[in-house]
Every structure is written in C-alpha cells, then in structure tokens.
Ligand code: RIB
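For reference, the chain that follows is the form predicted on its own, supplied as structure tokens.
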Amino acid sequence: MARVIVAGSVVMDVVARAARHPRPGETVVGDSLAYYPGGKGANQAIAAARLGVPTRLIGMRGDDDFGERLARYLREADVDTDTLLCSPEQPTGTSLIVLDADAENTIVMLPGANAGLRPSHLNNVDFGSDDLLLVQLEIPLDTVEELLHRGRAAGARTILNAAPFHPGCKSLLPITDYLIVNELELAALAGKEKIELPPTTQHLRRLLKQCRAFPAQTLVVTLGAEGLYCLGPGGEWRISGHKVRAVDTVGAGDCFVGAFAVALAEGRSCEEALRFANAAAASSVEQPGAAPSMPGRASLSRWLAERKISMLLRQ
C-alpha cells in the first residue's frame, strides 16, 4: 500500500485566546492559554495517519519536555516516528499563537531543533515508487531540496506545501509534482504584493500559470472559507468552501494538505482528492487545536454523511 512520508517541523503550539488581536504596542487581556501539538510536519503527518494511510514523519525535536510530549502524541496517532530525530543542543520548536473571537489567528514560530535537520541526517531515509512525499518550508530549504530529489529519483510523487513562503522555494518547483499554497503564498511566489480580493478564477489561473514549472504539474491555491482553485494537467477546478461554525482555524491548511495526500495514496482522481481534502479541512475548524482537530476516518465519514456528501466516503 502507498505510504505518505511527511518531512517537516515538529512544534508545540502555545495558544492564547483573546477577544481581538493586539495592535503594535498594545496589551490585550486574554481569556485562556492552552498547549497543543503542532508544526506543519507533525500536523500533516497526524492528518494523514488518522485518515488511515501508513504515515512516516521525518523531522527533529529537542531533548526536552515539549519534545517528549510531541513524540508520544505522534506515536499515539499511529505516525511512524523512526525518523523523528532528537537534538541534544536545540530546544523543540515552539509557536506563539493568538486566536481572536472570530477564530482568526496570528502566529510567531520559533524553529528550534527544526532548523537543525540537515541533509546529512537523511542517510537512512528511503522511498518507494508508490510513496507520496510531502514537504513544507519550516525546515531548512537545502534539506527540503535533498528530500525532493531523493523522492523523485525513487519514483515517488512529490507534494510541496510552500509555507511559510521562502523566496528560494522557486528552485524547488521543477521537482514538485503538486504545489499547494494559500493566496498570500501564491502572491509572493508570483512576485505580487497581493492578489485581487475576492480573487476571480481568471486571476488565479493567470498567477498559477506564471508559477507552473512544467505542463504535468498540478497547482492548488487554498482560499480559506472560500474553498480552493486548482490548475492541473487534467483540467481546472474552482471548489467552494463548506459552511461551518469555526472554533479554531489553526491547522486547517495542514489538514487539507494531509488529506489530499491520503486521497492520492488511495488512488483517487485529483478532483476527488481536492473535494475530500476540502471537506476534511472544513471539519477540522470545528474543533480546537491544530493536531488535535485533525479528523479520524470515522469522524470525517460521519461529518460527510450528515451533509449527504456520500461521494467522498471511501467504498
């Protein structure tokens, strides 16, 4: 069976809730403080594993309490952590997150041990031709590049979630089969300060064509509550978002990416994978936390059945 192999960050999210975000120089009294497992790598690996596909995480944590808690949480989510390394020198990555009353977030991410994952640590990493390799940009760019080259050489399909945006990621596009970005990352990748709001399909198509590295490449831009747009070799799709009562939007994008990889691993078409991932991400914002909000297969099936979206249920 195809595996999802995720290479990326492992982070403890420290989440403060307040009525609104503070302005520069302002102090706002918060309502609560919570600690949640997070980091794009961990989130996407947990999303994939909970949806029932064999999943391995390549990453680095610190030799500290946060690192121990994160490794235990990943194992309990059925993520293979044999390639989750432990740094004796750097602390586990940490994100400082503020959530307002509308569940919108601002995030400051401190990489910690994630910045220490180097190409030299990848000697024991192998890929199969049926695997999907999923990477993001919260680990060093040269490590991401090495992983993509290795995955491609083994015949694995490669997915790049170009987040957070790094100017150097443009060099990764020729070795990326599926590119996934949000609207801000798309603007940066296309060399624009911003994109039209609300973005038209024509505008999104034009920007994605500017970023496309080769004709067979599939490019996806996620649009939050507005859904997504995809430009692929087999067609293009503008898919609307689902109406939900958002509690916490942190991790929704990671849920989308992990679920998309799962659907591809299961042999679904690109359009089916997009719709499946769109639904999974929508369901995740109804729960608090990043990693904790990733739906399991049973809970997502119930969510889909309640909305009579039977076409996305696994047969």
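All values derive from a computational prediction rather than experimental measurement. Each residue number is its position in the shown sequence, starting from 1.
Keep in mind that the form predicted together with the ligand is not shown, yet the notes after this line are about it.
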item	value
Residue (of Leu173, Ile107, Val244, Ile239) lying close to the ligand in the predicted bound form, criterion heavy atoms within 4.5 Å	Ile107
Sole residue of Leu223, Ala115, Ile97, Leu122 within 4.5 Å of the ligand in the predicted bound form, by heavy atom	Ile97
Arg61, heavy atom within 4.5 angstroms of the ligand in the predicted bound form	no
Contact label in the predicted bound form: Gly251 to the ligand, heavy atom within 4.5 Å	yes
Partner proximity in the predicted bound form: Ala290 to the ligand, non-hydrogen atom cutoff 4.5 Å	yes
The ligand contact in the predicted bound form: Gly38, any heavy atom under 4.5 Å	yes
Proximity to the ligand in the predicted bound form (heavy atom, within 4.5 Å), stretch among 195 to 203, 174 to 182, 146 to 154, 89 to 97	89 to 97
Neighbours of the ligand in the predicted bound form among 1 to 34 [non-hydrogen atom within 4.5 angstroms]	Val11, Asp13
